[in-house]
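Just one chain is shown here, as structure tokens, and it is the form predicted alone.
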């Protein structure tokens, strides 16, 4: 999808779909002031009829509007004039994108000047619009017959402004990079597990390196991981015929002596639960248990597209968790790369086992910060639903930066504690640590993060539990591309710092 800028007012803009903001109380935006009396009369009549109330997310498609050169005018509600919020604007942009996609319009024009927020500039507005239009325009047809391909007509979105074209240009650049990263993340997440396995992810990482001179990819096979003592990671893939992989992508856009920021993704390409087998209903959703890894790929894609002047390392711990005669059993004890021993009490708590060795491995980079991303616990879905990712950390600075990035992108997080009282729930009589808490399901997301924290004492670290935010189940199931906006903004803020 192409994004363009046009410095003009809308009355003479020829397009398949002209998107105009309206406000509660039958109020048209000032961008309509230049329309002819006939066009304004037609629009005011629609408003007076009550066909659109102007509430955030309202939309109405009008065709053959009197004296308008646009084939269609699409009205989108923004709430009360002068009282817009981030969520209202995002809701309006999503509604606009869906309204356009409900037509045969190949190009659309969005009038920006009347859409204003007190604490957000034109760059923010444009970036949000780019991301949301690209999100609505996403299709995944790779495994459908050609006759069953879903096709969306919209190919180009033009932003109309008379004020801040530089802000629009900057918003398009960053928004398009993030949107591409989200689409890549969604593609990886939605690819079926008989295709997208650890080997496939390794091939994708090598493909990225071929596209970018600043990126190098190293793939550790099981022999190399065994030599490093990664007994926890290797234990997860024991039951699978597909070998596990540790994938390391090093992006060197900054000075050689600059400490990198590291992203570590959980890449369980399918999770049966292992010997602690999951129930059959909805198990197909476990192909999305690699969405943490997919978000690392998507963020690296955005970093490459923006050519960020910094050093970033993306690490993916990839394995398939299957039951077999070789699979790990509840009661097994494994030795991690750090030397700590783990009693495996539940083989369905496998994500923390692959992550703990990856988190030890990244010490060699002397990182400025480490953020791990994982669809780690069902408990986080119970706590936060699909709206926010769980955040736990050993660093106030990393938390502040992530929360600021979340506030800016609206890719939301909510912090949970890592108190010593929770650490005690991981005590094991037979090993240094158990892989689940000994108090049953209580504080499941927190004890999972407490487990990871045992392996992150050498650097500032945060954990994002994205089990609720990274994919949707049910009728509209699919990967969401989150938290690519959050992670990319977090990295952008490190550049600016």
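Numbering follows the first chain given and starts at 1. These numbers were taken from a predicted model, which means no experiment stands behind them.
This next part talks about the form predicted together with a small molecule, which is not shown.
Engineer: Which residue, 164, 250, 222, 348, has a heavy atom that falls within 4.5 Å of the small molecule in the predicted complex?
Structural biologist: None of the other options qualify; the answer is 348.
Engineer: By the heavy atom within 4.5 Å rule, which residue out of 131, 289, 357, 411 makes contact with the small molecule in the predicted complex?
Structural biologist: Selected option: 289.
Engineer: Using a 4.5 Å heavy atom cut-off, which of 375-383, 297-305, 77-85, 176-184 contacts the small molecule in the predicted complex?
Structural biologist: In short, 375-383.
Engineer: Look up in the predicted complex whether residue 320 has a non-hydrogen atom within 4.5 angstroms of the small molecule, and give yes or no.
Structural biologist: Although the small molecule is absent here, residue 320 would stay clear of it in the predicted complex, with no heavy atoms inside 4.5 Å.
Engineer: Considering only heavy atoms, tell me if residue 471 and the small molecule come within 4.5 Å of each other in the predicted complex.
Structural biologist: Answer yes; at least one heavy atom of residue 471 falls within 4.5 Å of the small molecule in the predicted complex.
Engineer: Quick check on residue 450: any heavy atom within 4.5 Å of the small molecule in the predicted complex?
Structural biologist: No.
Engineer: I'd like to know whether residue 278 contacts the small molecule in the predicted complex, with contact meaning heavy atoms within 4.5 angstroms.
Structural biologist: Judged by the heavy-atom cut-off of 4.5 Å, residue 278 is in contact with the small molecule in the predicted complex.
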